[in-house]
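Consider the single chain below, provided in structure tokens and representing the form predicted alone.
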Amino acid sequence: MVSFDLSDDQRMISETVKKFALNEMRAIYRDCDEKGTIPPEFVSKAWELFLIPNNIPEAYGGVGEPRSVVTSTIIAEELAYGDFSLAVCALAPATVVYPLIEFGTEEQKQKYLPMFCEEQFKAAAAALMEPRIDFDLPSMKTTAALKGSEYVINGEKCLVPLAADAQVILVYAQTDASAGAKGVQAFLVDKGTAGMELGEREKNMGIKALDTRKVTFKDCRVPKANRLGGDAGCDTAKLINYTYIGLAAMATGVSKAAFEYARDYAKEREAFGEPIASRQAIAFMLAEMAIEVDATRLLAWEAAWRLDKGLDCDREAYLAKQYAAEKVLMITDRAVQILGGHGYIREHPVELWLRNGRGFATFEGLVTA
């Protein structure tokens, strides 16, 4: 059965990351959103937590702790509780590192994993989403055709975080259209590879602090050895489950932040001689928000637990992601409503959380657990 008790290590990690979120992320997130930048000092501090190298085997320079998807969801939630844009920035390399740990060939692990164990942060990212309204995995338009000893990649990706600085991008592409989702594989494309073109920074409604870009591939040639997993390939459906769970966890963090802020505001804000939290309409909204925060977390934890146990979790991961995307929008919107006119102005953070929360339905591939 699913256990709701965190281990001592998980509890320590949760407390450490939450402290970092409150002390470091909450101190700068509004300024980052306003200016559209994330300071290098923050990235360095986040890297010093060693969250990603902790899971890299010792043979490649990491700590070698056993990988736990449940622990990753705890980390993702607490970081997103601090700020979603900053959380994605801090954890972006995981979208390359974790697939490498699970499916990479020995040569791929030796080439790439050591760079993520160094003292300095190395940017990396995954390129999954495509700039079209009908995007889904089985009908992916980006293709990778094997020609001799190379794969030739053609297509467009969007919402690729840190693309401008990424040392390597894990690109998802269709290798066999007749196979649908099973034909989609992942390819390691190094920075500066001919045929990979970076677009201008995207202008998004939310995640304004995070640099995301469109990446275009025009006859981009990568060695055959750069296919994740080599000739055996990788289980792309499983990798997508990781991103679903990561999104659900981060949506939980954003939802929790919005709920707690609205709750505290309602307790302090008085109207007609009493706190507005005493009004039934406000109290009922807050109660439902609290219920949905916990429900979203439990869905993410269940899917993560199944992955840790080696069980199929396609259904659980998808439901967690879909539920989280719906509820984070509801919770952040209600936070704005509870604050009334104050919720719409930038003096309070709920409008920022609403803008970020609106995007979770389209953030596939942005994060992983």
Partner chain sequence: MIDFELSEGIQNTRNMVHMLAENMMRPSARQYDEGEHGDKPWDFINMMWEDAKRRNRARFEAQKGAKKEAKSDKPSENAVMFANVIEELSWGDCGLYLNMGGGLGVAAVEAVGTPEQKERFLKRFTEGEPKWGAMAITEANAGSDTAAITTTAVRDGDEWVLNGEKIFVTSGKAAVVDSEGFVVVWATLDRSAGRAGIKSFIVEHGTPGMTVTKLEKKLGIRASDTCTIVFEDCRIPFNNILGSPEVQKKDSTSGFKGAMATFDATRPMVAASALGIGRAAIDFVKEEFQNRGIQIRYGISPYRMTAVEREVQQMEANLQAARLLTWRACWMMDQRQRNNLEASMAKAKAGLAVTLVTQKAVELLGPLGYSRELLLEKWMRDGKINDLFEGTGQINMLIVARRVLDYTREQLK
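Numbering follows the first chain given and starts at 1. Since the model is a prediction, treat every value here as computed from it, not as a measurement.
Although it is not shown, the form predicted in complex with the partner chain is what the next lines describe.
By the 4.5 Å heavy atom rule, the three marked residues Ile28, Ile38 and Trp353 all fail to count as contacting the partner chain in the predicted bound form. Although the partner is absent here, Tyr344 sits far enough away that none of its heavy atoms falls within 4.5 Å of the partner chain in the predicted bound form.
Interface residue remark: Asp219 is not counted as part of the site for the partner chain in the predicted bound form, having no heavy atom within 4.5 Å.
In the predicted bound form, the partner chain stays beyond 4.5 Å of every heavy atom belonging to Ala179.
The partner chain in the predicted bound form is not approached by Ala194, whose heavy atoms all lie more than 4.5 angstroms from it. Only one listed stretch (29-37, 335-343, 298-306, 57-65) carries heavy atoms within 4.5 Å of the partner chain in the predicted bound form, and that stretch is 298-306. Screening Glu150, Asp165, Asp235, Glu288 for any heavy atom within 4.5 Å of the partner chain in the predicted bound form leaves a single hit, Glu288. Taking Arg263, Arg213, Lys256, Lys109 one by one, only a single residue has any non-hydrogen atom within 4.5 Å of the partner chain in the predicted bound form, and it is Arg263.
In the predicted bound form, Pro275, Ala277, Ser278, Arg279, Gln280, Ala283, Phe284, Leu286, Ala287, Glu288, Ala290, Ile291, Glu292, Asp294, Ala295 are the residues of 274-295 with at least one heavy atom within 4.5 Å of the partner chain, listed from first to last.
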